[in-house]
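Next comes just one chain, in structure tokens: the form predicted on its own.
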């Protein structure tokens, strides 16, 4: 009989762990027989000595199998999901889910909340009055069958081992291990059990992976492990040195999502969403996926599906449209004429968080109304004194601080990053 201490000793000594070893470890995490200090020791040993692709796959599957796996027997359409590694202004999921459903791909999407300087899909959805992200797995399945799209939060049944290890990774300074990141992301996505997985791996100052090498390695690992687990998968490595789109902050980002769905959103957000859905369409064998997406943004089919999803989950779009703005707004103007390259993504993310639009602790409440709203896309010619954007805040003091901080991060007259650095398939 293999003991947990034997598993820890093997990884401490840079030995490879078997699938059985990792299943025993993940099962013990989920049922509480592996202690938090033993789990922490495993994380540190894995961080220092690494996990090879076989170990990463085994750990991922073991964490997936520590809970329920959603079953989609006899589902009539291909099932797909997207995961983003997190960015500033990243509201792609809200548009992608109904857009993909509108071209014949079912989207069972289980998302998370914001923590740190990046926003969370659930927080955005909950800025729509009444929207319920806490459906049971059975109701989740039913809505995907009936409507083709449903967006909820992680339930306790899915990958319970990951919830324990996720919290310990931050406490043990092992967050940046690519195998551990991969196992965490994929254990949840594989428990959700789609046919297709597409990843948006952000790269830049506002991203978790700030350099191309690390971002590409993570993207390649996610795609490799997804394929080894039997899924069709690909990844886009995308820029996050500047916020994407025009808005950062929950209510503002939902409004921008509605603009995109009504075919009048900013070009970069629209393009990236369409490219991600086109990847899904390619894996699903749907021809002309990109063209179908553009048609369904123009003809209102994607917007109609979003409205039906909101209604099915108790939300009220009319009440959302009637929401008042934050009490204080301050315009930010150009201090010169030139080619404005925009604010730094990390600075904007931290500023919105400090305004109350993000969390420092899991239990913190989020103010959905605060944020940063640009009038001008990054990479545009502007005139001295032109309004570039505005800060939405709860009070004058915090508005002035955010305005000052964001303005100081502006860059000028430098080359713009491409929206997509690389495709990995």
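Positions refer to the first chain, counted from 1. Keep in mind it's a predicted model, so treat the numbers as computed, not measured.
The following text describes the form predicted in complex with uracil, which does not appear among the structures shown.
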- Contact check for 169, 181 and 185 against uracil in the predicted complex, heavy atom at 4.5 Å: yes
- Taking uracil in the predicted complex as the reference, which of 320, 208, 131, 72 has a non-hydrogen atom within 4.5 Å? 208
- Region of this chain that lies against uracil in the predicted complex, out of 271-279, 242-250, 185-193, 286-294 [heavy atom, 4.5 Å]: 185-193
